[in-house]
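This text opens with one protein chain seen in two forms, each one given by itself as structure tokens under the names structure 1 and structure 2.
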Structure 1
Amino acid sequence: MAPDLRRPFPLGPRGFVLAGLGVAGIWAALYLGLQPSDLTPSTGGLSLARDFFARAFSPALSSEAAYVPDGTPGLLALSLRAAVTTVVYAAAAMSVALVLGIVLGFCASTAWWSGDPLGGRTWFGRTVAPVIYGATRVLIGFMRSVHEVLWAVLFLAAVGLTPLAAVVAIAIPYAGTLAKIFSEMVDEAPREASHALRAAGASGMQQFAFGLVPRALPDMIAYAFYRFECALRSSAVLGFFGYETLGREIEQSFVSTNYGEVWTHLYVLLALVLVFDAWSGRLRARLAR
């Protein structure tokens, strides 16, 4: 293809971004001092990898520990109990995050304020509303910028190990993320219905609630389901910090080199995520229709 002579630079903006990515990738590899040869495990690592992956198709069905005290539940019971705890933490966190996410998301959307839900041309709309809008956006950014594991580490240091702290740790960044995405979805929803309502004399609040939100709702529901799937993973990972979720079982079994048990717990986690993935995938397809 002949070069486009109107362009002063041989790369378009997109090519520029791609080239930048290549340079960034090379810089990162050099900065970390990474060699592809480091990818071959050391002798110890190699035998460990062999032992570990050998058990992939023969996960343990009962405890592999040399000594099992009387009264300990069986491996499968243990794994299932950890799975239930994983789901419970994720669901509790999600229930908080959803409520917060909707409230903050609406406050952080321009449609909520420009649709004059509280009368944008009043004194309130000109002074207080922009402050609430801006403050909400800053708050969302703050909640999102700390990872749920770091929130958990902070709460561990501040108040100690309590299940409620795990729930709050997941709920804070998730509420921020939900709020950000919800506000974008409401702002990008088609406006015709809301305009028609305004022409019919609906108030700002009515336009927002009955014109805009129903258009964005299918996307919002689909995204909430996707985030629940993420919450399951986050909840499992918190097990590494002392909570009784699947992560703890995985860590303990791996550290005591009971690799068959590790695979059992991994498969339970995989099943959990896959079931939810299939459920939310089907729901997304239904809602898109």
Structure 2
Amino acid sequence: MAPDLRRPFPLGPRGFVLAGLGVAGIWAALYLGLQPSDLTPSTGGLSLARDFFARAFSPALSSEAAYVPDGTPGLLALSLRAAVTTVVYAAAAMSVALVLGIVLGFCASTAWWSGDPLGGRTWFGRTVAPVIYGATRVLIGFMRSVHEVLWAVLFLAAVGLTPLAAVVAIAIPYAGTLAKIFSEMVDEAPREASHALRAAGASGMQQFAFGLVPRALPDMIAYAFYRFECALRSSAVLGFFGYETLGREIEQSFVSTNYGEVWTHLYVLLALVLVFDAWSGRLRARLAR
């Protein structure tokens, strides 16, 4: 057989992908007619941005509104209460998303029915399992292709401003994303343990449950924590629809041009994300031991 005289791409497969992305980015910029001058602010916009960012170093500790009704909680109390509500919405949505993500991730994985070592030579593996796999991949693709903001708009129009609508709006796209990532993590997990279990006579499901899932579990847990941090931000964003999260406090303060209050709420949101990031980091370190 004649030797392959084709010269490999100098930067390797990854470099080829990066070069392709670079070319696509340049083409997109030319197609959209992007110009740096488009970012030049107007006189009024520059003044607003200057006023807004100037308050970053002096956030408000009390309400800046001209009139505050009697009995209204203080600014910090309002912000902390909104932060708690933000966490509650995120936790509820992630609980639903995790359950759906695990179930759909199992159905979207090929490791439990196809290929070595689990085998796909049975009637079920040749006919039923591929149908389940294909239908699940289409379903989770649809779930994650629609942003949680659009799901929120749909549920708000259908059922109104209810807590369940917010939870489901976040849970649907997150479940689709978790299912996709979980299935790929299991499919790409090292197969040595499952090979050993197969040699010992274990069934295909036993190989999946005890040979593949434990190898992928640390990465799955780490990704679930990351998605929870994203859910905190999504929960805050839903406040712009009227839910009592940090997003509502930010929106109301910004509309009133109380920029010191805006930065107070932003710093509370930042502290919230940092606290959960540190907490999840410690848990991941313990699980990795």
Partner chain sequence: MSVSAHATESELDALWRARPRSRFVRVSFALFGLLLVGSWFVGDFDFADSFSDTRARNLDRFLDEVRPYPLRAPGPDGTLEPLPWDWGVFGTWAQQRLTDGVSDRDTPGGLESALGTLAISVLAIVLAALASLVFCGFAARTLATPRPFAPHAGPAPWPRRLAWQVVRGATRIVLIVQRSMPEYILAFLLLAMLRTPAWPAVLALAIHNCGILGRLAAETIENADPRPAVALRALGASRTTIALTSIAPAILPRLLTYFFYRWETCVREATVLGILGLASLGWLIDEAQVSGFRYDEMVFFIGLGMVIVLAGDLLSAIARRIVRRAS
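Please note that residue numbering is based on structure 1, beginning with 1 at the start of its sequence. So that the term is clear: the rigid core is the largest set of C-alpha atoms that superpose within 1.5 Å between two forms. If you're wondering where the values come from, they're calculated on a predicted model, not measured in any experiment.
- Taken from the structure described as the form predicted together with its partner chain is structure 1, whereas structure 2 is drawn from elsewhere.
- Comparing the forms between structures 1 and 2, the C-alpha position of residue 31 differs by 2 angstroms or more, with the core used for superposition.
- Annotation: Cα of residue 270 displaced by less than 2 Å between structures 1 and 2, core superposition.
- Here the two forms are laid over each other by their core, and the C-alpha of residue 21 is off by 4.2 Å between structures 1 and 2.
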